[in-house]
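Next up is one chain by itself, shown in structure tokens, the form predicted on its own.
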């Protein structure tokens, strides 16, 4: 057994029981975005969170322990993603990455946007021409230090 096996069991149970990520997040007291990343194997659960997920998804004690192991982050199987939705994110970064970098550096200076001190919010935005996906990414600015 490994973390991937637990992730597959969570996804399978979610589908079979018709569970929504937002409902799981509410029970955990976390955002739907972070909770989904946890359940998909990209975050580490506390013992309490693992136990609660165990109840929701019918996980054994051993499977709950796997949720508490720090994962190998990076869930994509290939360097360039082939899933159309994920590929569009790759396309956004390919086209607008240098613009994002330039504007962050102009506003904040030389540094990076943290993906550790980070939050994300995904919402449906009604639009008469077709609903839109509104994604807000918020990461702490970390300046490069001199030494």
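Residue numbers count along the first chain shown, from 1. Values in this document were obtained by computation on a predicted structure and should not be read as measured data.
FYI, the form predicted in complex with another copy of the chain isn't displayed, but the following is about it.
Asker: Can you tell me whether residue 47 touches another copy of the chain? I mean in the predicted complex, with a 4.5 angstroms heavy atom cut-off.
Answerer: Contact check for residue 47: no, nothing within 4.5 Å of another copy of the chain in the predicted complex.
Asker: In the predicted complex, does residue 52 have a heavy atom within 4.5 Å of another copy of the chain?
Answerer: Residue 52: no contact with another copy of the chain in the predicted complex.
Asker: Is residue 111 part of the interface with another copy of the chain in the predicted complex - any heavy atom within 4.5 Å?
Answerer: Output for residue 111 is yes: heavy atoms within 4.5 Å of another copy of the chain.
Asker: I'd like to know if residue 66 sits close to another copy of the chain in the predicted complex, meaning any non-hydrogen atom pair within 4.5 angstroms.
Answerer: Yes, contact at 4.5 Å.
Asker: If you look in the predicted complex, which residues in 121-147 sit within 4.5 Å of another copy of the chain (heavy atoms)?
Answerer: Counting only heavy atoms within 4.5 Å of another copy of the chain in the predicted complex, the contacting residues of 121-147 are 122, 124, 125, 129, 130, 131, 132, 133, 134, 135, 136, 137, 138, 139, 140, 141, 142, 143, 144, 145, 146, 147.
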